[in-house]
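Single chain ahead, written as structure tokens, the form predicted alone.
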Amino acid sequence: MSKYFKAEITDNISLNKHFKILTLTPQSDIVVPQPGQFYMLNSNNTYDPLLKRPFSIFGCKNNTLSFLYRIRGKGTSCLSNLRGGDIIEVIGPLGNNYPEPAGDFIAVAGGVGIASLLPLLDKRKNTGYLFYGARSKDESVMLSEAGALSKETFVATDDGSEGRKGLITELLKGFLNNLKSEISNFTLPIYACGPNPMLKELSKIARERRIKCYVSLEEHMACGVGACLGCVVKTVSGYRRVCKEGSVFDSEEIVW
């Protein structure tokens, strides 16, 4: 079954001025994606911009695919102008997926990183502790939906307009300290997607507490299939392609 296919735009709905959800109906049979995988999407029907853009799978139900995205550049601005009935080219699912948690787990999302983690929360309903950080309330999206799938939800924003003011990693540290005092030999793994400074801090937290931590890296991609070497990241085993060997890595592998 080919990973290249054409799809019809079903919906392209605005959540607020920053975020939209794009829903596609593939025109042929597709490979079913797993949480953590991504797709390369054409942002319009022309060659400007030329390259496809990578987006984490956000939902796969009733023969449709959905993607949560933030409007921030030319590609996503073009994508936001697509309407129902438009046809675009798609490649995916690509990359690896999150390892399946054996039991309860911790999901840490930074901003639009919730797009990558929501399928995992959905697949493992009421077993994930969700930690969600964003700049402000306006940039906290799908919080109620993700919270409904989670065992418990913790929120922090830079300006304090939603949840606690400050960094989400600080909330996580407090949670882990309390958890360690209540449960001996706790081993809740961490699954994370968001900005690199957040992922770097999570790697440090996990290493100090000897917790497994899996991070989905966000890098600029050109081809999405490992041919161009445009998304390499330095690891303890040498350089690895985020699109091919990732985008999910054990945080211990990354040279931060």
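Owing to the predicted nature of the structure, the values given are computational and were not obtained by experimental measurement. Residue numbers run from 1 along the displayed sequence.
Keep in mind the form predicted in complex with a small molecule is missing from the figure; the text below concerns it.
**Student:** Would Gly166 count as touching the small molecule in the predicted bound form under a 4.5 Å heavy atom rule?
**Tutor:** Output for Gly166 is no: heavy atoms all beyond 4.5 Å of the small molecule.
**Student:** Heavy atoms within 4.5 Å of the small molecule in the predicted bound form: does Tyr214 have any?
**Tutor:** Taking the distances in the predicted bound form, the answer for Tyr214 is no, it never comes within 4.5 Å of the small molecule.
**Student:** Could you tell me if Gly73 has a non-hydrogen atom within 4.5 Å of the small molecule in the predicted bound form?
**Tutor:** Contact with the small molecule, yes.
**Student:** Heavy atom to heavy atom, is Val112 within 4.5 Å of the small molecule in the predicted bound form?
**Tutor:** Residue-level check for Val112: yes, a contact with the small molecule.
**Student:** Where, among 127-135, 145-153, 74-82, 166-174, do residues come within 4.5 Å of the small molecule in the predicted bound form by heavy atom distance?
**Tutor:** This holds for exactly one stretch, 74-82.
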